[in-house]
Every structure is written in C-alpha cells, then in structure tokens.
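Read the single chain below, which is given as structure tokens and is the form predicted on its own.
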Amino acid sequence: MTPETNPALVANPTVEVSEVSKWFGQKVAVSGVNCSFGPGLTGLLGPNGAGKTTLLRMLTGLTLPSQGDVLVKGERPRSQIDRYRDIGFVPEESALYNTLTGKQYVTYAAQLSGVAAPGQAADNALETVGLTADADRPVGGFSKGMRQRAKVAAALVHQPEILVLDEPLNGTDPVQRAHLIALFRDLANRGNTVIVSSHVLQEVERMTDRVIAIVDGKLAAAGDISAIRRAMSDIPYRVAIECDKPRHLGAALIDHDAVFSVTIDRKALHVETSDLSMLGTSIAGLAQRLDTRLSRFAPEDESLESVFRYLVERR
C-alpha cells in the first residue's frame, strides 16, 4: 500500500517499519506492524504493555526484530553504524550516571557521538532544555523532571535528524512540560523526525495530529485524530447541542432520521447520531422552525481520549 491509501505510511520516510514482529520466548511483544515516519511529529500511543517501548527500541537499533525489517534512512542501524549519529533516543528508564554533573553527563553523550566540541555542545543542549543553572549539580540530586530534561539534552547534543522519545514528559511539572512540548514541536517544524511515545493522551493531542496507535502489539489505528474517528463507522457520534429551548429541540430530534438517542441535562442536549454531517446541515433549519436559538453545536468524541478509549475497548 502507498501513503495515499494507508495512513500508517508517509511519503519520503526517514524511518520505515516493514511487517515487524518481536517475541521474547512465548511472549509476542510486537506483531506484524507496518508503518513509517518522516519529518514532523508523530505520537505513538498505547496502553502499558502494548509494545510501544519494544517498537521504539527496534527503531533505534537497540533491539533486533524477530521478523520483518526496520530501516533508518534506507539502512539497518546495526549494519551501518553511521545511522546511529542520525538518531537521538530518550528511553523511558531513568537510569543515569548519578555521580556525574549534568554538564559531565551531556558532555559524555556528545563524546560518544563524536561531536567535535563536546563541552560547547553540552552547554547548548543544557540551555535548550532549561538546565544551565543546574549544569554543575550531580545528576543523582536531580528531581524526576530534571532527569527527564537531562536525558533530552543528551539525546539532542549531537543534533540528530531523528528524535525518538519514550514517555519524555514523565515527572515534569506543567512549566517544564510546556517547554518540552514547544521544543519538540519546534524541532518537528524545522524538518526533524520526532516520534513521541506516551499514554498521556491530552499531551499528545497538544503536540500533533498524526497518531500511530498500538494495542496488544498490533497496529490499531493511524492517521490524524479526526480521520481515525471518522473511520469508526460502527459507533455513533456524540454531539453536544446548547439552545434556549432544549426540551422542544430534543423532542424534535428524536424523530430525525440520523439520530439514535437524545439525553438532556441542565446545560445541553447530548445527541448520538449516525451522520454528523446530515445532523449539522439540518439543525439550523430545525431550530428556526422551533424558534429556538442555538448557542453551541460541537462533537463530544473527537478528542484523542475518546478515540483511544474506543480502540482499547474494542480489543
């Protein structure tokens, strides 16, 4: 399939995953995943144990697939070690060299990557994540949020084209979280490939529209959030409607061809419909006939949270 027909694929990919599976003994962690990533930011979603971390480790070459293939810029990282210079990886694990200062830790990462001026590169990376003031403190004394930012600095220090982030916002406070989200989006806007794994749905929704969802090790959905929701033709849409005569409008909507159910609370009508477009087209005329003023008409279930809940419950 091509990117035009398969939303899990992108044009001009930097990372390609082709029918990849990974098993550990009798446990299948990833099964037959086929997707690709390119410039921009993609959210990799899945519940705990879904296989996200295993997939990310295969993308970075740290783990080999049991079956299938992973290519980074057209090559297998294990076969062409230069590809590792194109990748920055933030693992979920928080294990760091606790006796090193923040500056020493990031400098060491720069040296491992062959950066020409590792000290200066470390200073730049620490400034990027807002850790300059703490650069001379031992990493072992950092808070969880600071440790996360130190890992991001180490991943960025060699200016990789591809950034792979496994739960990078864990433990960060709201200010740190907003700063990192802005950083990831800026890198994506500059043309970097940024892949962010998370189970915090609202944060992914703030970062990107493109989502790859993994459930039970399998590709459950791909594409932008609205497109995934539109593809769920087997469940109705939920719409919130506010007006000044909710009971009159609710009674009329019960007879609408596209409406399954209507409930009313103090603030709004909650309508389940099989055809959001049809309902949206007809609601204004219906309100006019009933002499009621509409103040709100909005889908209630196009958030990433509702889409993901559906995917998990469908297992």
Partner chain sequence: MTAFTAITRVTIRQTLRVRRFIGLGLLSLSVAGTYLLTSLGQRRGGGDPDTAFDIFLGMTIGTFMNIIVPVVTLIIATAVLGEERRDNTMSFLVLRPVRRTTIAAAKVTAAFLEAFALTGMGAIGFGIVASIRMETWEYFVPLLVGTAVATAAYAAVFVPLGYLLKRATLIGLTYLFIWENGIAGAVPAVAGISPWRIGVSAAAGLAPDRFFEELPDFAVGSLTPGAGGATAKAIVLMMLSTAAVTWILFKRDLAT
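None of these values were measured; they are calculated from a predicted model. Positions refer to the first chain, counted from 1.
Unshown form predicted in complex with the partner chain; subsequent notes refer to it.
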Heavy atom contact within 4.5 Å of the partner chain in the model of the complex, the stretch among 129-137, 101-109, 216-224, 189-197: 101-109
4.5 Å heavy atom contact with the partner chain in the model of the complex for all of E242, H248 and A298: no
Heavy atom within 4.5 Å of the partner chain in the model of the complex - residue from F184, F142, F89, Y237: F89
The single option of T273, T60, S36, S31 touching the partner chain in the model of the complex, heavy atom within 4.5 Å: T60
Touches the partner chain in the model of the complex: L64 (any heavy atom, 4.5 Å): yes
Touches the partner chain in the model of the complex: R78 (any heavy atom, 4.5 Å): yes
Proximity of R85 to the partner chain in the model of the complex, heavy atoms at 4.5 Å: yes
Partner proximity in the model of the complex: R210 to the partner chain, non-hydrogen atom cutoff 4.5 Å: no
Heavy atom within 4.5 Å of the partner chain in the model of the complex - qualifying residues of 150-187: A154, H158
